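So here's one chain in two forms, each on its own in structure tokens, numbered structure 1 and structure 2.
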Structure 1
Amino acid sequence: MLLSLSIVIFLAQCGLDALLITLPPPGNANEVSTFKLKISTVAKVEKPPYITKMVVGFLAPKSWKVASNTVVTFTSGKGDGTLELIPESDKELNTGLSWPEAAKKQFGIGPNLVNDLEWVVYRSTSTYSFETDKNTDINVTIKSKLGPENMLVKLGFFIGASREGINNGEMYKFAFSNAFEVKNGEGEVIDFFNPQLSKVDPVKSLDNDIITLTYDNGVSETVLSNTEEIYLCATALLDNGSSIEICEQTAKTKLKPIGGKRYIIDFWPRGFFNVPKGRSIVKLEYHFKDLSGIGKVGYGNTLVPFKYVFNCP
């Protein structure tokens, strides 16, 4: 039995049709934004009726806490309703994994480069019957409270049938959106999908956690493009308004190459800056320099420092 989905094409997926995704305007941090999906079904059933529940998946930043802050509803020729979160204990039938894990395995994070995203999967509370060659239009509305941070991200969506699970057939359709912006929030903009000269891993940490700074010398032409000796020059801004700078060309600050013109440095911020007891680091501001200390690269290949704000994971 096949449930073939005939889609209004908006985003092309190689070898597949795609979902129609309607993104809202840029959203404000900690406020609700509404995302809309549209799809139509054509049932090709050998032994009608084909009975199933609808499944909807949503990929979003972890900081949005989608499972606690999202409502998913739909309207269709088969009726209207609200979808419920699929319990973690309910396993996807093709993989034996939870539905979010199965979605991550099948779809990944799409065009995003920063892996601080999660799939959250919903299922209709009622079952629906499909008969051969009877079209059904389905409109899904996802209302989600955005997280606290400024960001640019490409969101993921899929619609499928619960009785088929997630597989390589025509039982589901998926797509990733164009860029969606969250503004008026905390910290510097987290850009999930554009290649960056520098990034910090993890995306969220405290000053007592080990962090990794990456510098990509192949993203664009800079004053450091012709050197393989790259050093960190950083300032820790403390909670009392004071600062500590470490800007030297020594083994302590030297980045190590990891291939592909990329370099990293791992360090424990409190120890690296020798932060006094009772004080904490609020934010890092940093550049990368060459051995001479003259060549200097900051955010967007300017002299403006890269910035990283410490937050609870």
Structure 2
Amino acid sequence: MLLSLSIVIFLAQCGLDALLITLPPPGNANEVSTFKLKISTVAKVEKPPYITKMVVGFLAPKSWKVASNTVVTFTSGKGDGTLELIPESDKELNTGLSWPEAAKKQFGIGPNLVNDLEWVVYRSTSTYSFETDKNTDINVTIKSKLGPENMLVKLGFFIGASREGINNGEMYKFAFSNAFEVKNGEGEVIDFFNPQLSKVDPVKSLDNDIITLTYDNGVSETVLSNTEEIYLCATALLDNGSSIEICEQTAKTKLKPIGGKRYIIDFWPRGFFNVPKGRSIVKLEYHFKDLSGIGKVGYGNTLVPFKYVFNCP
């Protein structure tokens, strides 16, 4: 079994010791994988007893639908139990936001670059009392059904106390895992964390959404490395088998620089390709070109086009 461990930096004055993540081997799409967390309380309570519920957060791809496909349990020196989803109406103390919103604000998506992940936050059903100098080991088990897509992702976790929230750095610990792979699923591998030459945002959309194509000119040396004039050359494949190509070097297709050698273009696919009423785009294939139209970059810095399939979660 391939185990992957990730440890957050331990701060001596903390109420919680280092958070240790144990990843399972690569999982199969639509099957359950088990993620394990281990942490110890370092109780230095000024006014004992310190009574709280345990809170556990889990960052995973939205396509996993964690809230309805996951069971979180724990064992500890203070007893064993199951954790429950924190209702949307219960707000995190410090921010007034829902717990998932507060977690996203506090921890973001870590080393991942594709923003198609969500925090899901659980709490113990019982409260627990802590006293000074009585440390407790806690082992959390997260059994989650993986989504249908092939992917590489770094999962996020935090453990804290309900009475503190997640704004007090001494009272929670968070960590992001090493790479976790989902295989034997649908489509090409979605790589959440390795820099890509191009990506599409939102990750899931239809042709009536507004999409953003990003081209990262700093990822690798390409024929476009020495130009700042970058244009989109794209073909829309329609549901009736026909296609519409827009491949011109004009203001319509020109990408805008956003710094860091990255360029974007935002457009409404139906309008961009002037799709006839009653028809829809099922797939987009595209390259990036220079002003001359000769320099051309596709998937993996080849001439093979980048591909994007329009669908919803």
Partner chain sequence: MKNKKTLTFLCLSFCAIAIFFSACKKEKTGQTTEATKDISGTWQISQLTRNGEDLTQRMDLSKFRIVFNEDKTYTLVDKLAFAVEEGGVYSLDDPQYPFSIILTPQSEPDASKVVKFQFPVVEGKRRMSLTMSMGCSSNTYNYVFEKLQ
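What we label the rigid core is the largest C-alpha set whose atoms superpose within 1.5 Å from one form to the other. Given the structure is predicted, the values throughout are model-derived calculations rather than measurements. Each residue is numbered by where it sits in the sequence of structure 1, with counting from 1.
**Q** Which of these two chains, shown alone, is the form predicted on its own?
**A** Answer to the question: structure 1 is the form predicted on its own, whereas structure 2 comes from elsewhere.
**Q** Quick check on residue 266: with the core superposed, does its CA move 2 angstroms or more between structures 1 and 2?
**A** Comparing forms between structures 1 and 2, the residue 266 CA shifts at least 2 Å.
**Q** Any chance the CA of residue 254 moves 2 angstroms or more between structures 1 and 2, core superposed?
**A** Yes, the C-alpha position differs by at least 2 Å between structures 1 and 2.
**Q** Would the C-alpha of residue 280 be classed as shifted by 2 Å or more between structures 1 and 2 after rigid-core alignment?
**A** Yes, residue 280 moves 2 Å or more.
**Q** Supposing the core is put in the same place in both forms, how far has the CA of residue 304 shifted between structures 1 and 2, in Å?
**A** With the rigid core fitted, the alpha carbon of residue 304 is displaced 4.2 Å between structures 1 and 2.
**Q** What's the distance in angstrom the Cα of residue 211 travels between structures 1 and 2, core superposed?
**A** With the cores aligned, its C-alpha sits 3.4 Å away.
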